[in-house]
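Only one chain is included here, represented as structure tokens and corresponding to the form predicted alone.
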Amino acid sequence: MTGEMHARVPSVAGANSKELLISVIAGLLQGCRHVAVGASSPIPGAGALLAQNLSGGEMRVSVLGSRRNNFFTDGGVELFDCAAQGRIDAFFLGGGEIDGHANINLVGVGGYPQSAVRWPGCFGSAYLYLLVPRVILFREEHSRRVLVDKVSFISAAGPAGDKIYRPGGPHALLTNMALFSFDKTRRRFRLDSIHPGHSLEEVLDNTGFAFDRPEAVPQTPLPDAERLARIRGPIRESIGETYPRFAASVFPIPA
């Protein structure tokens, strides 16, 4: 659900929309020791690498599919082992559907098991969702087709009961329109900010679940010149090792 995008991206006041998402992700990862990024996730991968860059290299980042930024030698097996040992602080999950209780659907819609539309499948998402403390739900498309009142199939469940031991769970939801945080006590999302070029009315119209919000919703801050330089310099080069077409299409070539 977070695959490569090769079309030219519209600019947002100096930073294009994907650079804005990368900057937001880096902010969400502050304080993490080890961030893992799954396959087909160039924007989360770039955001994690930016967070590592901003930390002075103190943060460890594991990007599946990368030769340079992946220290696992046995793929997902070591990722799952590290999560069980409490050695991964943040991970990213997407979904064909995400509901207001942070349940995600990676299987399909239209009547499981004979689903009319099938998606890639769970691949350990339920396991990681329970164990990784800071799971960021990431889906660029912000629409009622994706952000639904109730998912058709629960691939990985949001917090459901106080008696369940769960060190991990949802931390935030990031789309191409807005950033939400997740309140684990109330078990619902709160709108934290709206990206430049979008409005509260647009967010309300395109969200299928109810959420909390402050009286005045702030605008998501754009990356400053220094951060943009890092994104378009070392981060472009680093994520380009794994996603060369993504890097070539998204980031302006430094002068």
Partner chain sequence: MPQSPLTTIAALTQRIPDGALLAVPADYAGVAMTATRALLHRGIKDLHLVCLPVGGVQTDLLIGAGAIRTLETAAVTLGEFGAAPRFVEAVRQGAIRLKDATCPAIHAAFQAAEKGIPFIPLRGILGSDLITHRDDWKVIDNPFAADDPIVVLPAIRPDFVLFHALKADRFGNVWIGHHRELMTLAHAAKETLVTVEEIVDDNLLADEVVAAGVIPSLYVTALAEAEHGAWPLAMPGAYDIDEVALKAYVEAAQTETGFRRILHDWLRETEVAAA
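These figures come from a predicted structure and were not determined experimentally. Residue numbers count along the first chain shown, from 1.
Omitted from view is the form predicted in complex with the partner chain, to which the following refers.
**Student:** With the partner chain left out of view, which of 101, 134, 87, 118 would have a heavy atom within 4.5 Å of it in the predicted complex?
**Tutor:** Of 101, 134, 87, 118, the residue with a heavy atom within 4.5 Å of the partner chain in the predicted complex is 118.
**Student:** Hey, of 180 to 188, 138 to 146, 71 to 79, 89 to 97, which bit sits against the partner chain in the predicted complex at 4.5 Å between non-hydrogen atoms?
**Tutor:** Going by heavy atoms within 4.5 Å, the stretch is 71 to 79.
**Student:** Does the 4.5 Å heavy atom contact test between residue 169 and the partner chain in the predicted complex come out positive?
**Tutor:** Residue 169 lies outside the contact set for the partner chain.
**Student:** Is residue 113 part of the interface with the partner chain in the predicted complex - any heavy atom within 4.5 Å?
**Tutor:** It does: once the partner chain is placed as it appears in the predicted complex, residue 113 has a heavy atom within 4.5 Å of it.
**Student:** Residue 175 near the partner chain in the predicted complex, any heavy atom under 4.5 Å?
**Tutor:** Contact check for residue 175: no, nothing within 4.5 Å of the partner chain in the predicted complex.
**Student:** Determine whether any heavy atom of residue 67 comes within 4.5 Å of a heavy atom of the partner chain in the predicted complex, and answer yes or no.
**Tutor:** Taking the distances in the predicted complex, the answer for residue 67 is yes, it comes within 4.5 Å of the partner chain.
**Student:** Judged by heavy atom distances of 4.5 Å or less, which residues of 224 to 245 approach the partner chain in the predicted complex?
**Tutor:** Read in sequence order, the lone residue that approaches the partner chain (within 4.5 Å, in the predicted complex) is 245.
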